[in-house]
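What follows is a single chain, given as structure tokens, in the form predicted on its own.
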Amino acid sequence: MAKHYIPNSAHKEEMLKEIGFSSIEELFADVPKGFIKELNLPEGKSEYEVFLEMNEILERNKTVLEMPSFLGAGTYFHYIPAHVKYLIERSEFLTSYTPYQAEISQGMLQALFEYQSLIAELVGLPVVNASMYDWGSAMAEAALMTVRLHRGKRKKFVVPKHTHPERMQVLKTYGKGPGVEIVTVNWNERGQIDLEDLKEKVKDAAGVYIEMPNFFGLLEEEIQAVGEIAHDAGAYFVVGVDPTLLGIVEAPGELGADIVVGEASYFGNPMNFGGPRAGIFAVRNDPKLIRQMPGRLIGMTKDAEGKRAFVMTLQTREQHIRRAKATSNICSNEALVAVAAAIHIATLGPRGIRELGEVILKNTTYLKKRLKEVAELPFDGVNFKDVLVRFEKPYKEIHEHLLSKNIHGGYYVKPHFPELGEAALFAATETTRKEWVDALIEALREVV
């Protein structure tokens, strides 16, 4: 049999020596330990034999339909209509690259223009870019943008302490070089942002950030007040939002937000082991803000014959024109994810998006009600998707028991917030079935 698969492990030491390293560990020394795992596939096997071995490994994975999952905290199982995948697999979208040549890219340009228009309606702000990498990068870019808008005279960016930990890591990475000072605001006894603490820390801030919902899954009740405090201090108000919520609450633009960021991939995209994604970035119709926006802007105009046409506009903000002086170093990103989101949003329409939010809220409420029977809820309020619960026993033991019952439990939050004790976030979406929740509670009764 012809061996199309050619393992390189026999040549590994030779290749490492050629580039000046003695081991794989030395080559990837900047990657934290525990994140590098070599497959060490056996040599001398045919491509088909390797395929069978890899297939055995892959069979250990289970889908959320085979193992109900309550693991949320930013990645959720949403249902995607079948036609979304079919449409984005068309070669016009799937193989499209950056539409620098507008005359041959009208289809992709219009799709991105429609994405921008749909997101603008959802978030309540008129100017939206063609997407960022994800929510975290959009949030970090917003922080840098608020500093630029103050011409570097203010470098403080104020965020709730209970901001999503991974987004906080991205913010710290982006802010390190420009010297952005990240200041955190405590939560109060109800798991909401502490307004009094915010008032003490907002002085000389470039921007103030808040999330809808917050990391604990709670809808912040004083978003408008947070915006007023920010504006009174001369800071820009940035709101991060889960867009699947926006059919049942006021849009952040209507609550005073200057900049809105969020995660567009909750529409039209599977979980994909956490990525790729598409970050929402929207601003008020203010030339100062628009000029400082990161990412691409797609505009509608007329061609030489007076026909409707779509183009990349305000490109002088961008890296391919301004290089180091650009507003951001983002260039190509996962625009296909944004197109998928646009198709899904357009499919749902206003009524569908409202109904989606209502079903998620209903399922979250049922999950919360049942969890109260077996665990403590540190905070009360209105939850959307995620519910924070605390146990007396170590959560690792509880999680292992749930796995043995073919249930994937919640997201362990103690490593990020040790003051919360043995706490975890359990999530529900429109896909969560009542029998899954009931099975979860029965399994928890056996161990707590």
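Fair warning: this is a prediction, and the values are worked out from it, not measured in the lab. Don't overthink the numbering: it's just position in the shown sequence, from 1.
As for the form predicted together with another copy of the chain, it is not shown, yet the points below apply to it.
Colleague: So which stretch, 199-207, 71-79, 227-235, 149-157, is the one near another copy of the chain in the model of the complex (non-hydrogen atoms, 4.5 Å)?
Modeller: Only one stretch qualifies here: 71-79.
Colleague: Might residue 92 be said to contact another copy of the chain in the model of the complex, defining contact as any heavy atom within 4.5 Å?
Modeller: Yes.
Colleague: Find out whether any non-hydrogen atom of residue 351 is located within 4.5 angstroms of another copy of the chain in the model of the complex, and reply yes or no.
Modeller: Yes - in the model of the complex, heavy atoms of residue 351 and another copy of the chain come within 4.5 Å of each other.
Colleague: For residue 47, is any heavy atom within 4.5 Å of another copy of the chain in the model of the complex, or not?
Modeller: Output for residue 47 is yes: heavy atoms within 4.5 Å of another copy of the chain.
Colleague: Please run the contact check for residue 417 against another copy of the chain in the model of the complex: heavy atoms, 4.5 angstroms, yes or no?
Modeller: No - in the model of the complex, heavy atoms of residue 417 and another copy of the chain never come within 4.5 Å of each other.
Colleague: Going through 431-446 from first to last, which residues have a non-hydrogen atom within 4.5 Å of another copy of the chain in the model of the complex?
Modeller: Result: 431, 433, 436.
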